[in-house]
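Here you get one chain, nothing else, as structure tokens; it is the form predicted alone.
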């Protein structure tokens, strides 16, 4: 753990001491080295499943893929932000990169923590850099509103979790994930136990977000700068799924009855958010709503607690993190040229940027789950396991995949096809930086086709 965590912490002095001319180059190179180092976690040879440096930080097959995704994303965020942060004063650029790095530090400690209370503290700590990034570097004045929504939704959800964890600590005597799986379940009266169950999960369901408590997500995504959107879609939503998977192990036997309303909301959310996507005019908002739908599928897969559901959930989380982040980068490249997120204003871009149209096409196909890609593997495992739980779910999930395909097609046709309006024929060409950025998103997705057992989680 420390061979990645300490270089990440050493990025802070690097950021503040580098000469202004080399700031972006140095930080990108440094974070890319950290990302490559993090790939060594994928060996996973131990028998208990946990590979630990000490009793507080450890990796296991569930957290390793998410940790590697976190480390992989930092150089990409720095690459993506280069263009629109560069004009500002140098100290502001340094602060921005420092916030992104602190976010990675918190996330590594959240995914690597073995104590649930440490996971909780880091889960809350990621709120602060994200909030600053959204409310300081967002594009419009509405960013303050978006930041308030983001903060209060997440906080209102996660304060009951703290109480639930303290209650668990008092009853079980420990909060270490290594020990808790062997401890006795809580002995509470039925009503209190129900509330405790809800308290343990609602924080993560708000973070995921579950349909119904998802309103902060489109706002936050639309207002955030590109790095904020990328890290929000790729890793912060996955914190919710990861926390749910960790807590579900302890929440038996109640989950069998109590999970019903949440599964219903998740499945209904797939259809509802998909239909909302079909009517969107705003590009970033469309991608944000599509992530709500995908995360609904993940929530359904986790809540029914089958090995297939868990595996499918983690595969879909990793694959969606890469695909969704790539889509946000592409949306941002269009935004930096046309200065508008409205899809109607920038259409027919395939004629001007042919290679970018290929990137759009590939990222869209990844998002709608094209057969060899891991997105399909995750979705199919979850749909299958939901079908064996109750055959009626196939109506909702099948309709959901259909709607996903149609809004992806709508997004691609709207932005890339059709006549090119006269006002966008003079756009500046794409930079190598942007092509590299999208390539680095899509290569891991394509490589995971060849070795998917890296992200099958516990049940491999």
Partner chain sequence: MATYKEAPLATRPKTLDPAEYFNLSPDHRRAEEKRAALRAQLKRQYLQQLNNPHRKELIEDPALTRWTYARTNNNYFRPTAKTSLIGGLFGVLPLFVFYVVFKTDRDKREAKIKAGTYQRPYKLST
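Numbering follows the first chain given and starts at 1. Remember, it's a predicted structure, so these values are computed and weren't measured experimentally.
Another form, the form predicted together with the partner chain, is not on view; read the next lines as being about it.
- Though the partner is left out of this view, residue 279 does reach within 4.5 Å of the partner chain in the predicted bound form, counting heavy atoms only.
- In the predicted bound form, the partner chain sits beyond 4.5 Å of every heavy atom of residue 191.
- Taking non-hydrogen atoms only, residue 145 never approaches the partner chain to within 4.5 angstroms in the predicted bound form.
- The closest non-hydrogen atom of residue 388 lies within 4.5 Å of the partner chain in the predicted bound form.
- Stretch-level contact analysis of 33-41, 60-68, 429-437, 415-423 against the partner chain in the predicted bound form, using heavy atoms and a 4.5 Å limit, identifies 415-423.
- Contact here is defined as any heavy atom lying within 4.5 Å of the partner chain in the predicted bound form, and by that definition not a single one of 128, 179 and 250 is a contact residue.
- Contact with the partner chain in the predicted bound form, judged by any heavy atom within 4.5 Å, is made by just one of 86, 91, 170, 342: 342.
- This chain appears without its partner; in the predicted bound form, the one residue of 350, 306, 102, 183 with a heavy atom within 4.5 Å of the partner chain is 306.
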